[in-house]
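Below, in structure tokens: the form predicted alone, a single chain.
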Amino acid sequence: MRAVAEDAGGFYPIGEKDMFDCEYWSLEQAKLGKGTPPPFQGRVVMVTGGAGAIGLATAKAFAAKGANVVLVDRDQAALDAALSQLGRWHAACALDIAQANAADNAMTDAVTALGGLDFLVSNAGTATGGALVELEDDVFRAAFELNFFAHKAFATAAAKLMQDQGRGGQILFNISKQAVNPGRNLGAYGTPKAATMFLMRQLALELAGAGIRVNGVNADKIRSGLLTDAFIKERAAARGVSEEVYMGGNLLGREVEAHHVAEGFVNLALMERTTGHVITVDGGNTEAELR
């Protein structure tokens, strides 16, 4: 039996085009109409240290789920290169986050370029080495400026913007396992990171009423500007192991990469009933467990 259709002149055989119209295209339209948009479509995410390994991986992870991203970093050339990897509908802000008014300027740029802010990933930081009893005060204070006070400045500026917007939001901190499990000669890094973890918990308490969630990620041994190939080689040699063994020195025995940290941030952003929480992304480190 041949399939037929009816028009004003009677019945006629259905051809290939007709079959497409009545069987395929209507189904496609139904699927398009019922499709689920990306979870962060229409949301704006700011990532400090956005041109670095973890920052760019995080920006890509949010962009892949529909977000528009504002990258914040000091190096304009690095920002341009990072933006070229993200594609259209993203923005960049070149500034030193430790400088006065940097946070307010970044918020203004986010509003101007993309219309507001929904998520802040306060990621930028640097590791300062040396025994505390030998470290000069100005070096220690500089480490605190970047690894704590810059986080505080951006978090509070973002919180004020989110409160003004009246639609909630989330602040995410890159904290580090050093906040829980200190490393030898890394006190100038771990101390401000421990303070940042307390900052996260304090802000979670204070901002919950405005629908602003505050969470963090504790990561360890991520190849980045903090943990360079040269440093990895040096530390592995000092311990008498291969670089692979050194980087995989965790319960899982596998290296943790920047995209794994990015996944931690994205997952926290999706956890709509979670605040004041830290996700550990370190392959398993019993000494750094929070509970």
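Counting begins at 1, following the sequence as shown. Everything numeric in this text was worked out from a predicted model, so none of it was measured.
A second form of this protein, the form predicted in complex with a small molecule, is not displayed here; the remarks below concern that form.
At a distance of at most 4.5 angstroms from the small molecule in the model of the complex, none of the three residues 68, 169 and 208 contributes a non-hydrogen atom. In the model of the complex, at least one heavy atom of residue 53 sits within 4.5 Å of a heavy atom of the small molecule. Using a 4.5 angstroms threshold between heavy atoms, residue 216 stays clear of the small molecule in the model of the complex.
For residue 220, a non-hydrogen atom is located within 4.5 Å of the small molecule in the model of the complex, even though that partner is not displayed. Although the partner is absent here, residue 162 is not a contact residue: none of its heavy atoms lies within 4.5 angstroms of the small molecule in the model of the complex. Among the residues 95, 91, 111, 194, the one placing a heavy atom within 4.5 Å of the small molecule in the model of the complex is 95.
With the partner omitted here, the stretch from 200-208, 95-103, 133-141, 111-119 that lies within 4.5 Å of the small molecule by heavy atoms in the model of the complex is 95-103.
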